[in-house]
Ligand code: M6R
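We begin with a single chain expressed as structure tokens, specifically the form predicted on its own.
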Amino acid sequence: MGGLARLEYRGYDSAGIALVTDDRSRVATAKKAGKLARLAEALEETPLPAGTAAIGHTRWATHGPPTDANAHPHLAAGGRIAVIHNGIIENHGPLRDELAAQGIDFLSDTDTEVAGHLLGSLVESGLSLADAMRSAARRLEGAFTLLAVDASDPHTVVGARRNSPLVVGLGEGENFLGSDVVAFIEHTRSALELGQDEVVEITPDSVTVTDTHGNPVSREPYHVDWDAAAAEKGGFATFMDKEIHDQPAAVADTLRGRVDDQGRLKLDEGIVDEYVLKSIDKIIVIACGTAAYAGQVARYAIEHWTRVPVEVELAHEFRYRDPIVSVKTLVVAVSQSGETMDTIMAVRHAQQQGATVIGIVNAQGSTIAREADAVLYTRAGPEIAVASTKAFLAQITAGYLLGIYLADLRGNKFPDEIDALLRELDEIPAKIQRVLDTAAPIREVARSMADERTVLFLGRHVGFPVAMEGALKLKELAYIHAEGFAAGELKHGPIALVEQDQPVFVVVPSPRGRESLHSKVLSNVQEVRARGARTLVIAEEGDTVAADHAAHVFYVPSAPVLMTPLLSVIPLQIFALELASAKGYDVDQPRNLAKSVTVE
């Protein structure tokens, strides 16, 4: 149950387990709709017998509502076979019809049960569980990770993977399968990632990997560089609060060890020919959600430092609009999990067009990390809360490192300028800590606003994506209307939303450097105040003018303009966390969401 608890961030509509026991004719199962706690309560009342092999699942509903019947595992072959599944079986309709014609009755609305009965029919025809899995995988279409056990094979679990994550944990006298290493990190930190269309068979003493035709596949294990304690709350009430406080370390770890013996920045893995990077004429960042906002922040810095045009594309729209991509295009794929299906498919499309792809990911051995030409790991450690915080800052930091790397490689910056940028980045973790240490006022204000029904966010330049990220956090956690606007757009329509006492967050640029933007944003503050808005201002320390325009002002330390998002977003994260907590909501597991979106 501990492994399932650590995986519940991936889905918490229902949960279930299956055990292979002394009964060689039927697998023992228990499953419940709702969060894992409901399953735990049911097992306390009616415990399952001891088992020799087990599979478990926490579900994010795709086919069929979250009910007991639709919860995984699903049984087949008279209860002999149990199956769990992540992903979507796209050809479940014709397969269901085919199996129904054979006299099989379906007890759920799920595509998973279709895959289970297909597997069960193959086992009943005389195939071993592993051979049946290989045969079934060849027939299934879509994205899936399937795990199965057979009551007649007491020490074996078989899994298959296509376009959905599956990791093997390598223990001593025990082996594990999981969609994330957090599932088994308390038992082993040695893991190997399965590739596309591969099947794995584990016993306590062996791991066998093949392709779906039975050909052996060799996979190299890797070491997970964090332990089980990193996936615990560490004394905080919620994972999200802990992860907000992890941000100084997340940024510092993302920066650490990036300079080689010659003082040059380096990528983590994979080799991209310097000639290729020197010849690029366009950069496209592809990502979804918070990762896309991280890409939008990084865009300002990369363009400024490299003078190469940068586009930021939502991954799920990218390949459907016939984008202009060539061998001179660098595509940067940003994903915390490295398993975001929309982003994976966009990566593959870009590579088919000849583009070079660099991944910015957090999860070692993930699909994007393996399929990209090179990777920058963010090293943020496990992020359990569904709404991203520390991964966002680490992604921005990695984007900045990539920009500095390209500027150095292409000769856009002198060595002393590169050194100055790296020194400025090195100062950021301590400044993040200062924001965290002075967060009591934003927490107090958030608690006082628990009854608000809508909050607007304004920003300009790098403050614009920060405003959108602040709005997203509030939507995710507090379930209220929140929207981020470019401050300059205010008078082109959105100001119509402003009425008496309307809360409006404003990310105010530094008065240093881009003074015109500072004054323009303060003019926007005046415009909404004149219409009765309650203004909450994020400003740089020492900006007394901003305080004159605010009902509440929250200060962050001074930093170079392009690096201010690493500081100004933190009060917005804390505000969303505290307001949602005041409303009594579960900030770690917001409704309808899952951490890693592994379906298109």
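Computed from a prediction, not measured in an experiment: that's the story for all the values here. When you see a residue number, it is the position in the sequence shown, counting from 1.
Not pictured, yet referred to below: the form predicted in complex with the named molecule.
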The named molecule in the model of the complex reached by all of 335, 472 and 597, non-hydrogen atom within 4.5 Å: yes
Heavy atom within 4.5 Å of the named molecule in the model of the complex - residue from 165, 289, 159, 382: 289
The unique member of 367, 86, 388, 254 whose heavy atoms fall within 4.5 Å of the named molecule in the model of the complex: 388
Option from 472-480, 198-206, 243-251, 214-222 whose residues, in the model of the complex, bring a heavy atom within 4.5 Å of the named molecule: 472-480
Non-hydrogen atom contact residue 395 with the named molecule in the model of the complex at 4.5 angstroms: yes
Residue 340, heavy atom within 4.5 angstroms of the named molecule in the model of the complex: yes
